[in-house]
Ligand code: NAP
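Shown below, as structure tokens, is a lone chain in the form predicted alone; questions about how it binds or moves come after it.
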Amino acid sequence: MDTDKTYSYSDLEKWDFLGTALAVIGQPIQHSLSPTMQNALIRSLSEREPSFSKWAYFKFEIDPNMLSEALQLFHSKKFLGLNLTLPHKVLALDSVKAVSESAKNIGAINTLKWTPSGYVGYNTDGYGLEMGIKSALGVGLNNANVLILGAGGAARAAVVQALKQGARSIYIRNRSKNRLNELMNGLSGLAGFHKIQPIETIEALAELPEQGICINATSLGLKAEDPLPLDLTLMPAEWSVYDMVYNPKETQLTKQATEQNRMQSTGLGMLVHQGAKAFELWSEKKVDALIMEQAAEKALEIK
């Protein structure tokens, strides 16, 4: 079957693929690089292990109003694994059999694994972020000072991972004070919450520790005309920058970071490593994320 095609709920109803099926679902979904990355990995694995030649990864555009019914159908069609992207990551929580502890803390799931009684939900975004930062910037979150821009699901995943990895301090900055307060309230039950501080004024940025990692967890940067999520001149010079946005290859934020001689990276590594972790959950095998990264980079160059 065609892994480049975007499938729909009606396609799922008459699905008859005989191999091991995986898929990403969202709305919209046409732009997703996940099929490119995952199918490149599957092709590489099948060269050494022929059983993987019967695996394939597809993409489905599913209306959020049909998500519950769609997940039941995916399960009955025995899709071994699913990735969820917007707007399904939170909605799917009510439609799975069980949820991992880290996914509960994040409050969202992006990976499902088939079991006879239903799907189990996981969240690999935090792991992807951690590994993306390590591979691009050469530093970890352990004992780091971290500034997170945003107050949505991506920001919460970043906070949870920073806490999990033992960050020294975590600061959160968001344009909307109400949303920032909502996020702080939602995080208040987590172990290590005392490490989290909201940054409510621009002046407070100058008082940050000398070194740290600034993570953009907003969508600002997806479009060329987007404003900066933060003017980096307002913070200490030795902070590095990690932008979760991976397309375009250079955002306004990473461009400003380069101009200021800061270490910086966009979020392609996060996308790659969260996908690699998902495949490891499905296959119960360690995989080479570099294969996925090369496929994603090539696809972005073509686009």
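Remember, it's a predicted structure, so these values are computed and weren't measured experimentally. Start at 1 and count along the sequence shown; that's the residue number.
Unshown form predicted together with the ligand; subsequent notes refer to it.
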| query | finding |
| --- | --- |
| Contact of residue 152 with the ligand in the predicted complex (heavy atom, 4.5 Å) | yes |
| 4.5 angstroms heavy atom contact with the ligand in the predicted complex for residue 174 | yes |
| Touches the ligand in the predicted complex: residue 246 (any heavy atom, 4.5 Å) | yes |
| Exercise: residue 220 in contact with the ligand in the predicted complex, heavy atom 4.5 Å | yes |
| Residue among 113, 134, 179, 77 with a heavy atom within 4.5 Å of the ligand in the predicted complex | 179 |
| Contact residue in the predicted complex, chosen from 271, 235, 257, 70 - any heavy atom within 4.5 Å of the ligand | 271 |
| The ligand in the predicted complex: contacting segment from 139 to 147, 195 to 203, 212 to 220, 96 to 104, heavy atom within 4.5 Å | 212 to 220 |
| All of 86, 89 and 267 with a heavy atom within 4.5 Å of the ligand in the predicted complex | yes |
